[in-house]
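Quick heads-up: it's one chain on its own, the form predicted on its own, in structure tokens.
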Amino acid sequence: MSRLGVFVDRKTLSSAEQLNALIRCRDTAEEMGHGVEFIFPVDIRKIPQMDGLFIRARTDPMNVTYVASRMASFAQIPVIDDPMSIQICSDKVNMYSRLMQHGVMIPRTLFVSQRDLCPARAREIFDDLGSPLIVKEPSTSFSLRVEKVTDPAGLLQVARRYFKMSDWIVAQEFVESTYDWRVGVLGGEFLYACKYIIPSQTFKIQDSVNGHVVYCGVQSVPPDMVPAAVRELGVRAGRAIGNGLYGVDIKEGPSGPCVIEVNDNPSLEGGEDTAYPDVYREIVHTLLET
């Protein structure tokens, strides 16, 4: 019997939805004949004793999840997500660069360094990308440090804040939509698809509005209702990053679908997998049976 380690932290268990998702994962692995152990950061030393590791906590090169991933990789234990995927997806400059190198369609995008940004350069960026445009700090996650600006002065103001955290910012064409596609990719193959319905008060799938956090709605979409172009683009984007588990966010713009970003080790507790009952079976199979 193989043993699956599921790496969690207190925040992973902060909601009933997250807890239920973990239980579904455990039950699936046990039905497949495997043992499951939940591993908290205090028990990280147990990782080399596992046959596979599934990280279910926020991945970032600056926190303990990355240490857990490196430990598993060093011990040659299959891990989702692997250290390289975490590094790439945690740095938007790196992520978009890889997508560009592989010819994956993304909104028009510019990388802007702190030393080059000045009022004249800000005006050039608007000439290139149009108005409004999106400004991102490269290490952003959960829609944090992502803002829409409408003029060069706004760009300079947001950039000054973001440059306190990074030497670079990402300036990107704004693609208007009422929802984002989320395409799940595992090992370079299509896994699931859903729609994230953007709250009417914002342009992001998660935002703080008048002191309250608003979240997107989630609609799991059966495979025969997913446009072929969206599905194919999601798979291409996942393969451009690596061989792990990715959630590819896609908008359908005037020029066709384009990738907004690729998330390593995406959430599954919101109902993303409702139309895909075998998602956890596929993940466990990838970690323990391939």
Partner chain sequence: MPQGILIPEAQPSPDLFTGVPSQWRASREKGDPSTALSKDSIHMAERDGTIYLVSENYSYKSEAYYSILEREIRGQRVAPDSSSILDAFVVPICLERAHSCGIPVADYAISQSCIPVPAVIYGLNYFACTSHFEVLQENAQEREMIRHVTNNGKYPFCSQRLDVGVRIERKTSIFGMVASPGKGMADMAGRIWECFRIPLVEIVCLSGPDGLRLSSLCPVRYSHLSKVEKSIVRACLSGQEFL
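Residue numbers count along the first chain shown, from 1. Computed from a predicted structure; not experimentally measured.
The same protein has a further form, the form predicted in complex with its partner chain, not shown here; the description that follows concerns it.
A single residue from the set Glu30, Glu37, Glu232, Asp60 has any heavy atom within 4.5 angstroms of its partner chain in the model of the complex; that residue is Asp60. Put simply, of Thr202, Ser97, Ser177, Gln219 only one has a heavy atom within 4.5 Å of its partner chain in the model of the complex, and it is Ser97.
Interface residue remark: Glu124 is not counted as part of the site for its partner chain in the model of the complex, having no heavy atom within 4.5 Å. At the 4.5 Å threshold, heavy atoms of Thr109 stay clear of its partner chain in the model of the complex, well away from it.
Remark: Gln76 does not count among the residues lining its partner chain in the model of the complex, judged by a heavy atom distance of 4.5 Å or less. Within 4.5 Å of some heavy atom of its partner chain in the model of the complex lies at least one heavy atom of Met84. Comment: 67-75 is the region of 146-154, 125-133, 67-75, 186-194 lying near its partner chain in the model of the complex, near meaning a non-hydrogen atom within 4.5 Å.
Not one of Arg26, Ser141 and Asp264 is positioned with any heavy atom within 4.5 Å of its partner chain in the model of the complex. Scanning 17-45 for heavy atoms within 4.5 Å of its partner chain in the model of the complex gives Pro41, Val42, Ile44, Arg45 in sequence order.
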